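Just the one chain here, laid out as structure tokens, in the form predicted alone.
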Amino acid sequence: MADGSRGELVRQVQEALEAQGVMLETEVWRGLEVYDRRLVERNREVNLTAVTDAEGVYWKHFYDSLVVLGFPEVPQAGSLVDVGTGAGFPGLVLALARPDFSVSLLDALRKRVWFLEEVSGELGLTRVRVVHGRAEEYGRRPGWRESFDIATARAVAEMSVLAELLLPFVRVGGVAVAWKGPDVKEELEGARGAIRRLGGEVEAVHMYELPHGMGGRSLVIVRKISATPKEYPRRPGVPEKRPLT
């Protein structure tokens, strides 16, 4: 993409974020440009994302990750764990936008972890740690269990599954945030029992549209109101095979 076209794209995304109440410093946009470049370069060697065109990256990855900062239920500082972070969405983008966040990026694929270590180092994100592992295991570990203000996931999984993977990380009073598609109502109704069992309560569902026909999104925000029972999360693979009801 030519510099002029990229500049116009950045301006559009910046204006859309500001309309949602999300203001970013110039240094953040410079960092996002580096992130975009490294993502495209490394994606030729490792399957990090199916979206590599500049418009897709800036809207579907960067804007979609950052819009959460405009919602009042989400803390603007504190500790965050991004579960199944993949290529770093939303966790690494949020770490770049809010340097005061202490961010842990958790992923089960080693090659993604190497990419995230490389990029976070290049961006000088000293409050980011990248860990190779599974949520079902780390959600039981001291120092991880009920230790975070925010737990996030853009993973493709049912809401009841995401609740079991996210809520064990969240301290009472914190929030779990799940990125879902536009038709989340029925899925969410089916997951409310599981969410309550895990110590959570749905506090808000924010719906928005990406431009140029890129699709709708729902951000489900679950408040942690009580400790997660010690038997959760169950062992790796079980939440997906036998979702809670």
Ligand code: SAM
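Every value quoted in this text rests on a predicted model; they were computed, and no experiment measured them. Residues carry their position along the shown sequence, with the first being 1.
Below, we refer to the form predicted in complex with this ligand, which is not included among the displayed structures.
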Practice problem: Pop this ligand in from its pose in the predicted bound form with a site C-alpha superposition and tell me open or blocked, counting ligand atoms that come within 2.4 Å of any backbone or C-beta atom (3 or more means blocked). | Solution: open
Exercise. Let me know the one among 89, 115, 148, 101 whose heavy atoms come within 4.5 Å of this ligand in the predicted bound form, would you?
Key: 89
Quiz item: Given that the partner is absent here, does residue 123 sit within 4.5 Å of this ligand in the predicted bound form, heavy atoms only?
Solution: no
Quiz prompt | 4.5 Å heavy atom contact, residue 133 and this ligand in the predicted bound form | solution = yes
Quiz prompt | residue 77, heavy atom within 4.5 angstroms of this ligand in the predicted bound form | solution = no
Quiz item: For residue 172, is any heavy atom within 4.5 Å of this ligand in the predicted bound form, or not?
Solution: no
Quiz prompt | Location of this ligand contact in the predicted bound form, chosen stretch of 92 to 100, 105 to 113, 68 to 76, 140 to 148 [non-hydrogen atom, 4.5 Å] | solution = 105 to 113
Quiz item: Though the partner is not shown here, which residues of 139 to 158 have a heavy atom within 4.5 Å of this ligand in the predicted bound form?
Solution: 154, 155, 156
